[in-house]
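One chain is shown next in structure tokens, namely the form predicted on its own.
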């Protein structure tokens, strides 16, 4: 874990009429980049000058370069709205890499299943699977279409994607949980990695349990510190309460008490 003063290298804003809006922030953070693993995250100070918001914000690492890390995010509040104003050359305080990442399954094929911004940690993982020449497919569920430029960025890392949108504006119409059942008719994965909204993960877990498929999940949680001190991100598991920031964010799906 390192506390780095990172410099903004590039900040892309994927904005198009009728599309979900995403932002991609690339930071020069050599120490964090050199040790980051797929599934880990960083805590970013978003109110550097005025300390408002005071608390850092957690972001999964979307991609790791030689000396850089990239963060894919959506505006969901004051902190992320402030982030959209950052420009190349700005200096940002970043703590990381944090948490426990994915363990790569030993057998193939493997699936990556994302919902919304949950594509972020899976993109990093997928790039690592490609390096290791592991066979995988990626399914991504969205509310509606995304900008073609963002799709191009993600396809560079993951290859072709199977897209599901709620309104049918891109790919298939429907939920990504329906997509996994359709794809199952063609093949059975040896393992699934998933990240997205809790209802999506719950539905996936019920299905994978019936199918006898192992699954790892990256959980999204509100975090105040990111290092396990505040107990603000605990989740109930079969072994008691665990901290998402320290003992996760990646868990074996079987560990979680999903109905709580």
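All values reported here derive from a predicted model rather than from experimental measurement. Residue numbers count along the first chain shown, from 1.
There is another form of this protein, the form predicted together with a small molecule, and it is not shown here; the text below is about that form.
Looking at 132-140, 101-109, 73-81, 182-190, the stretch with residues near the small molecule in the model of the complex, meaning non-hydrogen atoms within 4.5 angstroms, turns out to be 73-81. The single contact residue among 117, 163, 95, 158, judged by any heavy atom lying within 4.5 Å of the small molecule in the model of the complex, is 117. 221 is the sole member of 235, 221, 203, 213 with a non-hydrogen atom within 4.5 Å of the small molecule in the model of the complex.
Using a 4.5 Å cutoff between non-hydrogen atoms, residue 63 does not count as a contact of the small molecule in the model of the complex. Within 4.5 Å of some heavy atom of the small molecule in the model of the complex lies at least one heavy atom of residue 55.
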